[in-house]
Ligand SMILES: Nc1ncnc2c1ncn2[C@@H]1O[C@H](COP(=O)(O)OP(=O)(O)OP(=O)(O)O)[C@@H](O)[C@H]1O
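Shown here is one chain on its own, the form predicted alone, set out as structure tokens.
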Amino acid sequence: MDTLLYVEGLSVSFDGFLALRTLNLILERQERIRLLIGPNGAGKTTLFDALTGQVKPDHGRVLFKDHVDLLGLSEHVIANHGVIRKFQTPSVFPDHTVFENMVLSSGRKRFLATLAARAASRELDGIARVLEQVGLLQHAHARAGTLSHGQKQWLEIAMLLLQEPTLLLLDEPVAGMTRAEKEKTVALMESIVQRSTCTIMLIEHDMQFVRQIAGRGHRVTVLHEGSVLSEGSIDRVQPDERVIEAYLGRGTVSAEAPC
């Protein structure tokens, strides 16, 4: 098999409500970005919760890199295997500088000593490289709390990239961003997959952003009522009558349609 993520028959229930219903999904190793869309309550976030050990599925199987069974593992162990998640709301340390946030994300235990020594040259180069990639190198000594919303999102992505993930899960990465920030994020997504071996799976509600990413050859998976409803290129998924019905019950899936 040449599979990065294999999800089979995954079901998750909350007090009798089935959030995921025998969901099946395959992410091949050669895929660099997979987009997850679907109406509110479709099970997108629950899927991320299950993949990262935050909820315990009722049944199913999740294999990572062909052989690692993620189900039953702790969040920490799953992260050590390279599955790293970013939530919708930026989680940065506002009273620390951008550089200090990056050092904290590296997991170094002696934070103050690290700052005093300014870290090893190799580590500094790595931090600078990632900050340059997300467009924040010139803000390295600014307090994170002074950044714009979009810049905070990029900082958290940078903090996660420093951990060298194999699979990066992003939950609504452009929520609350300006149009200009969204455009920069499109370029950032492509930069990440071109300059690393990381694969991105992202949930997004902004259909214009989805089209911009998917239009570059990336597959889209549509979830509805806890299962995969449709999957393929954006040109295949968008006119699918089942997708149109799931979103709106009429008309078409517009750029403004919630996912």
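Start at 1 and count along the sequence shown; that's the residue number. Computed from a predicted structure; not experimentally measured.
What follows is about the form predicted in complex with the ligand, which we do not show.
- When you look in the predicted complex, the only residue of S227, Q212, S230, T45 with a non-hydrogen atom within 4.5 Å of the ligand is T45.
- Listed residues V237, A19, A246, L23 were compared with the ligand in the predicted complex; A19 is the one with a heavy atom within 4.5 Å.
- Of the candidate stretches 34 to 42, 214 to 222, 188 to 196, 64 to 72, only 34 to 42 has residues with heavy atoms within 4.5 Å of the ligand in the predicted complex.
- Although the partner is absent here, E172 is a contact residue: one of its heavy atoms lies within 4.5 angstroms of the ligand in the predicted complex.
- Residue H205 is the only member of 204 to 236 with a non-hydrogen atom no more than 4.5 angstroms from the ligand in the predicted complex.
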